[in-house]
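Just one chain is shown here, as structure tokens, and it is the form predicted alone.
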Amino acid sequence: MTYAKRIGPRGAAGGGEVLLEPYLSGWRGLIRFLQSLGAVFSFISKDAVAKVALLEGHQQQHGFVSLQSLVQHELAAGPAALRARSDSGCRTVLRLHRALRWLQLFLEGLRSGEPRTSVLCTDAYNASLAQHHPWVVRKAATVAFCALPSRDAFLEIMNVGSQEEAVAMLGEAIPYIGDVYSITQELFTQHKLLDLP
């Protein structure tokens, strides 16, 4: 599953693009994974479903091939117009981008072997999404994370074979997630889009 094309070796600074169709396909897979984990993750999966549907609409309407083409199209209308639209593609991608960072950190923690998933999830959330959520959502999320099953149960839910096979699959997927995150971060930093309302 390839979400991004990079010019140069993995991790090289600069260059590369995030292809929109594989990006959306990857998000659909991540949503299925989140939904399989139960109600604890519903506040993230429901939001991601809505945002993916919104981006699919933008893609169908405008024929965007990459996140870069979506950003260029919306920037052409001017910064004020972009900030005024709550349904803009850039704003939607930014919300998914923040959630992707949380997932990346959480999956890296699962792969590392820490057995307390509540700690992994809370740490990942605090390092990513929490800063963008109001206090009441942060508290509700922290309480919900306490009900998470063990690491072994998570690896079993992934349904890819043994625990070793699940960890190996995470090892293959996490670098791609990291590439998508890094390229998107560079793109949004370059165009000063990381603080869209």
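Don't overthink the numbering: it's just position in the shown sequence, from 1. Note that the structure is a prediction, hence the values are computed from the model and not measured. Take the two forms, superpose them, and find the largest set of C-alpha atoms that agree within 1.5 Å; that set is the rigid core.
One more form of this protein should be noted, the form predicted together with a small molecule, which is absent from this view; the next part is about it.
With the partner omitted from this view, the residue of Met158, Val167, Leu54, Val40 that lies near the small molecule in the model of the complex is Met158 [heavy atom within 4.5 Å]. Contact here is defined as any heavy atom lying within 4.5 Å of the small molecule in the model of the complex, and by that definition not a single one of Val71, Tyr176 and Leu187 is a contact residue.
By the criterion of a heavy atom within 4.5 Å, His62 is excluded from the residues contacting the small molecule in the model of the complex. Contact check for His133: a non-hydrogen atom falls within 4.5 Å of the small molecule in the model of the complex.
Proximity of Ala48 to the small molecule in the model of the complex falls within the 4.5 Å heavy atom cutoff. Contact annotation for Leu107: at least one heavy atom lies within 4.5 Å of the small molecule in the model of the complex. With the core held fixed, the Cα of Gly63 is displaced between this form and the one not shown by less than 2 Å.
Fitting the two forms on the rigid core leaves the C-alpha of Ile44 displaced by at least 2 angstroms between this form and the one not shown.
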